[in-house]
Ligand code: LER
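There is one chain below, alone, in structure tokens, taken in the form predicted alone.
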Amino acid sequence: MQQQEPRDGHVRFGINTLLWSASDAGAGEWVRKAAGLGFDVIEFAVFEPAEVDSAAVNSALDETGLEVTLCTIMTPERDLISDDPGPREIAKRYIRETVLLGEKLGAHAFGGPHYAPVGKLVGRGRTPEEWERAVEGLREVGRFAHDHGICLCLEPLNRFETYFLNIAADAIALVDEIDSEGVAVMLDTFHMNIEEKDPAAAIRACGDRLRHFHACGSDRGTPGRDSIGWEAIIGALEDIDYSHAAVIESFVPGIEEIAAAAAIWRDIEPSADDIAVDGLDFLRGSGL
């Protein structure tokens, strides 16, 4: 598929496929479902790049006109900060293969915690050696991503999911040290609500480094039906002229693999589609 540049000056609203599936199969049908619900963007959580049927996805994208973003699934063997070079190489191979998939699908943003597996906790803070491994590895794959029209958007996670990168200030420092056009910052309101003293200030500090955004409820439910200060968040995004995708990422207990990883033990909302539909209504009415 020929890549199409995202429309400038306009936030597009998206939905992440983890709301409905923990598989790379049937990706084309999720495109049609997202389009039917009124989304502008479909975000694929990529488990194994080779298992995504890019021809079927491109057919659905051509049919619907949706844009695409990607997000990482960094499993335990994919680890850029490991002291073992094996997991570092596996992580880089996964990122490169996913970038090539994104190129086929016309994606421009590939977000997530590329630096380490989600849930990796070692009982201490990060070390200078781990930071250097992240800089080195992400600089390498960032160059590759940029050469293929993709930006790696690094996401800070909350302290219960990673010890390496928790706040926007650290993501900014990492991106600035990497100093690559292929690497930028991603923020997620769920994680920000836990870690940032002032989420709006964190957004403003990112400025044009912020290239991807997850608009998620404080309880991982519907954005706008939660305790997040959305007015301040939206104001900060407007202040930096944010014009990339704003994607809803949520999970339901019926998708057992994802529910276990995200600690979703109850029905936060009546259904997955309720999260998607009501969340999209809120975001479209937010003024972004």
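The first residue of the shown sequence is 1; numbering continues from there. Just so it is clear, the structure is predicted and the values come from calculations on it, not from any experiment.
Below, we refer to the form predicted in complex with the ligand, which is not included among the displayed structures.
Trainee: Just one of H191, R211, R88, H108 has a heavy atom within 4.5 Å of the ligand in the predicted bound form. Which one?
Mentor: None of the others qualify; the residue that does is H191.
Trainee: Out of L174, L157, A184, L101, which one falls within 4.5 Å of the ligand in the predicted bound form, going by heavy atoms?
Mentor: Flagged contact: L157.
Trainee: For the chain shown here without its partner, which stretch in 141-149, 67-75, 164-172, 203-211 has non-hydrogen atoms within 4.5 angstroms of the ligand in the predicted bound form?
Mentor: It is the stretch 67-75.
Trainee: Is it the case that P113, even though its partner is missing from this view, gets within 4.5 Å of the ligand in the predicted bound form, heavy atoms only?
Mentor: Heavy-atom contact with the ligand at 4.5 Å: present for P113.
Trainee: Is there any non-hydrogen atom of R32 lying within 4.5 Å of the ligand in the predicted bound form?
Mentor: No, R32 stays farther than 4.5 Å from the ligand in the predicted bound form.
Trainee: Residue-level contact is defined here as any heavy atom of the residue lying within 4.5 Å of the ligand in the predicted bound form; does R220 satisfy this criterion?
Mentor: Yes, R220 sits close enough to the ligand in the predicted bound form that at least one of its heavy atoms falls within 4.5 Å.
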